[in-house]
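Single chain ahead, by itself, as structure tokens, in the form predicted on its own.
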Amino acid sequence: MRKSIFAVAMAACGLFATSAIAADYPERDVTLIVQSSPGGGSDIIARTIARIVNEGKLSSTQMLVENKPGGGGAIAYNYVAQRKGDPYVMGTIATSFFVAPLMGQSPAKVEDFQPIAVIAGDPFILVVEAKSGIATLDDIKAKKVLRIGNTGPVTDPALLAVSLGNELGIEVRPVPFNGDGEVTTALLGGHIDLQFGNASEVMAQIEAGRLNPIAVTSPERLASLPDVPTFKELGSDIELMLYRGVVMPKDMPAEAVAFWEDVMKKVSESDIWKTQYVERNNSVPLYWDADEFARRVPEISKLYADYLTTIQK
């Protein structure tokens, strides 16, 4: 008898949850989980999104931001993934979203999430010291052996360095540093030859004339560097950006997906997002809805899987 009552109660709760999603969602605050510490790139993005949502009243309730750093992003990703069907939790993503499960650092796989939207892409710029004598990819190819800085073997700049070496048939020797700022300093000092720098990190040195940009990894030229070609324009297959988006746990009600998909589109179209994030960080304006994001996830994951296979040989 007690089991029957419990079953009926659970069924009733399920019906209530479904109707609540359809009619009144969201009924309480939604938490956006960030895999990095306060002040990091993902944290800035999350707080900018929350500000737009809250100030613009894009939701009837508040969006809260909670940082769960550690484990190369695994702590945050696992936290979100474990809340299947919970429409009040979502998370930001970074490269670690794809890499951590491939390296066995996180039990949460990309398949454990419901993609919601991508709202910007952060490109990388291949830069050299202004007096290096290098101005083109052909100049790089002629050098045969070059040193490039990165902050670890499993990072986007490291992946790009391997791709560059393979395409040009040259040896690109990685030199490790503790941070991207250190990489730029080493490049300016002549201790390394190349850097794949995030646009937001190297633009000031480019504008000051201390660094020369060779090419950008975005699909199209950057508005802030209209004279710098993409790798694709130069006949290269290199194209990679750090995609800025949000995901929710798996088994998400369709109404919740549609709601936040629409909210993120409005965020991406807002003046605050365009001025405070896209323009300030030299990002690429971008919007992928849930379906497009879901379609792209396997492609991006395979890109990193192939790279990891290459460096582990």
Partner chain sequence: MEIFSDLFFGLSVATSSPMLLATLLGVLLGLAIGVLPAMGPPAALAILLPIVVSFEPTVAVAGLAGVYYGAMYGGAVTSILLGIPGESAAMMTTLDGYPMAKNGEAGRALGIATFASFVGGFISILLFTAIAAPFAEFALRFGPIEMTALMVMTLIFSTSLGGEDRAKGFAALGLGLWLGTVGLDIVSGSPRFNFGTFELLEGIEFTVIAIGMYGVGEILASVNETAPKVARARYTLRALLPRISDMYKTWKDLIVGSVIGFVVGVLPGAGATAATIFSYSFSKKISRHPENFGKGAPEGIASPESANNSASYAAMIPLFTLGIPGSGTTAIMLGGLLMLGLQPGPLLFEQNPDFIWPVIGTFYTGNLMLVVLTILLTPILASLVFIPAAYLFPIVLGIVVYGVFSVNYSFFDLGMAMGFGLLGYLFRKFSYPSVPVLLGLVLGPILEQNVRRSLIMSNGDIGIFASSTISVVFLLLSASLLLLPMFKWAKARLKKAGV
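As the structure is a prediction and not an experimental result, all values here were calculated from the model. Residue numbers count along the first chain shown, from 1.
Below, we refer to the form predicted in complex with its partner chain, which is not included among the displayed structures.
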Worksheet item: Quick one: of 85, 107, 219, 133, which gets a non-hydrogen atom within 4.5 angstroms of its partner chain in the predicted bound form?
Response: 107
Discussion item. Give me the residue from 223, 142, 75, 234 that has a heavy atom within 4.5 Å of its partner chain in the predicted bound form.
Written reply: 75
Discussion item. Heavy atoms within 4.5 Å of its partner chain in the predicted bound form: which stretch in 115-123, 162-170, 225-233, 207-215 meets that?
Written reply: 207-215
Discussion item. For its partner chain, considered in the predicted bound form: do all three of 101, 285 and 288 come within 4.5 Å of it, counting heavy atoms only?
Written reply: no
Worksheet item: Might residue 43 be said to contact its partner chain in the predicted bound form, defining contact as any heavy atom within 4.5 Å?
Response: yes
Discussion item. Can you tell me if residue 175 lies within 4.5 angstroms of its partner chain in the predicted bound form, counting non-hydrogen atoms only?
Written reply: yes
Worksheet item: Using 4.5 Å between non-hydrogen atoms, is residue 95 touching its partner chain in the predicted bound form?
Response: no
Discussion item. In the predicted bound form, does residue 70 come within 4.5 Å of its partner chain, counting heavy atoms only?
Written reply: yes
Practice prompt. Sequence order please: the residues of 129-152 with a heavy atom within 4.5 Å of its partner chain in the predicted bound form.
Written response: 147, 152
